[in-house]
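To begin, one chain is listed below as structure tokens, in the form predicted on its own.
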Amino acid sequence: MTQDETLLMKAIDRGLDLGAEYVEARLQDDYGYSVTIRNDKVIGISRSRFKGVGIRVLVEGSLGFASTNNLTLEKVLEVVEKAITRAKATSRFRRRRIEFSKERLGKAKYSVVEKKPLLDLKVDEAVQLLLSIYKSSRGALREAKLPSMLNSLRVSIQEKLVVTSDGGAVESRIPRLYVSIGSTLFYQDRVLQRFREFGGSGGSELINEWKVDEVVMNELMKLENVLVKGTTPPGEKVDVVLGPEVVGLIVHESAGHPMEADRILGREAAQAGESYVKPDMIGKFKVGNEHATVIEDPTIPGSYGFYLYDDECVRARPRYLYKEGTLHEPLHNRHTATLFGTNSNGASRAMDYASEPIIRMSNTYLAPGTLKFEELIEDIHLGIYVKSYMEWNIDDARWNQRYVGLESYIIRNGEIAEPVLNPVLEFTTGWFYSNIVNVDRNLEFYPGTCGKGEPSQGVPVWFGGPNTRLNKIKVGVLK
């Protein structure tokens, strides 16, 4: 047994001695660096390390949590006592005792393979990469101006050891790389803003795989064309095709969040929001048609939201949130699984050692089909293709939503034609999933940091999908 395992086991023993029904000890170490530049000037370089122990206990039917960055045995045992005191203080206010589902917990050790160690990517190399993106992008524009580009790169390593009093013991190491490019384009009285992100788990080889410089430069050239030549969308209802980035955001917000079990139970109502889903709707309510299958899968290799075991030592697996249009399976931890009379599906995650594990998404996507993109649009007489978005919003219940297109085009007689400036789409969750005509086979993912909880926690996620064709809808114009 390692020194870290010994420390956590002593914490568990102390908790059980003090009357806890369950004790969970998590040693988590998050470290790395970030670089930020504005145009051609470096405005920030920072290194960080956030290491400590989080203790969660179940006492008298109530949960208590406490943490420390002091890793001496004396301090960790004090934190155990603090967590137990907090649990007891709230137990008498509970109407129903908290219980954890019985699970076959993992005893495992895993790490993400790095072809090139991520920490071998030096700060000066990161700076040069971000500078080259700005220079190549500015040089590629002919008519539009690029007055502001804010670029950042973040290297982060997450090492974790979780031990539970009922037999779980999982050690993991996940290196993640993240690049964000924020651009503002001007042409006469028109303006476009683009925030493009790249993220995944792995080593510094991801830089070459993503080809960030080339992708950003080509995209800004296309956005310049939209800015300079973009027309208003047709006034009548038209067929609409949404690109994977837009589809991914929609499913993250309108399938992922409302299918978090704590949100369904009202746990997040005063924090991150509500859900249109009610417990008795699972397995019964039809929210969409046969094309509406939304999958949540932490186990995708190389993904930004990757993990193989959650922070309760439950093995991760793909979860079908919507299955052919029917609400199928919420995201669960061991507590909500008990309330729903099922098993946990491994959705418990914490941002860092000082954060309590809560139900979180990982990699959420609309299931792809078999069509080529050309086949998806070949019989559209008049339509719009919205490839990316500039802004969006959705209500607390995850039902009414609005998206403003960024790189968008007219579809005419089955072909991509002239650009469209800022088409606006407004619909409900039910309308979207019920009006999918078809999807193509081009599954793509985009990274993000998903926020939830109080205090707020941000965790890495992917969202994505295929190009998706919708029935005719009235398209608005941004004013």
Partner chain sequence: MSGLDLAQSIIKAVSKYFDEVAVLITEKESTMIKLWNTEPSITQTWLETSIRLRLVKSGRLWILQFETKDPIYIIKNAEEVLELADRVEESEIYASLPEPGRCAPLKDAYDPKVVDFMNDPGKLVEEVIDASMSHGVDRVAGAITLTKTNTSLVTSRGFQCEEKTTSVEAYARAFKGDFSGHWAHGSTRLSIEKIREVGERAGYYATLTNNKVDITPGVYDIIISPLVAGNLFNYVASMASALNVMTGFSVFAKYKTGEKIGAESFSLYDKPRDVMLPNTRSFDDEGVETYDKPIIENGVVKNILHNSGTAQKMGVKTSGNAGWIRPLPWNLEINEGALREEELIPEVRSGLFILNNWYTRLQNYYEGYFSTVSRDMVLVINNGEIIGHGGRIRIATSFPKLMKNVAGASRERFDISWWEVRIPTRTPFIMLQDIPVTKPEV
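Numbering follows the first chain given and starts at 1. Please read these numbers as outputs of a predicted model, since none were measured by experiment.
A second form of this protein, the form predicted together with the partner chain, is not displayed here; the remarks below concern that form.
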Problem set entry | Heavy atom within 4.5 Å of the partner chain in the model of the complex - residue from L308, V127, A367, I282 | V127
Seminar exercise, completed: The listed residue (R154, K323, K75, R138) that reaches within 4.5 Å of the partner chain in the model of the complex by any heavy atom is K75
Exercise. So, in the model of the complex, is R441 in contact with the partner chain at a 4.5 angstroms heavy atom limit?
Worked result: no
Exercise. Taking the shortest heavy atom distance, is G448 within 4.5 Å of the partner chain in the model of the complex?
Worked result: no
Exercise. So in the model of the complex, does R173 come within 4.5 Å of the partner chain, heavy atom to heavy atom?
Worked result: no
Exercise. Is A66 a contact residue for the partner chain in the model of the complex, using a 4.5 Å heavy atom cut-off?
Worked result: yes
Problem set entry | Every residue of K109, K116 and I359 near the partner chain in the model of the complex, heavy atom within 4.5 Å | no
For this session: Would you point out which of 211-219, 314-322, 77-85, 340-348 contains residues with a non-hydrogen atom within 4.5 Å of the partner chain in the model of the complex?
Result: 77-85
For this session: Scan 416-434 and note down the residues that get a heavy atom within 4.5 Å of the partner chain in the model of the complex; none is a fine answer too.
Result: N422, E426, F427, T428, W431
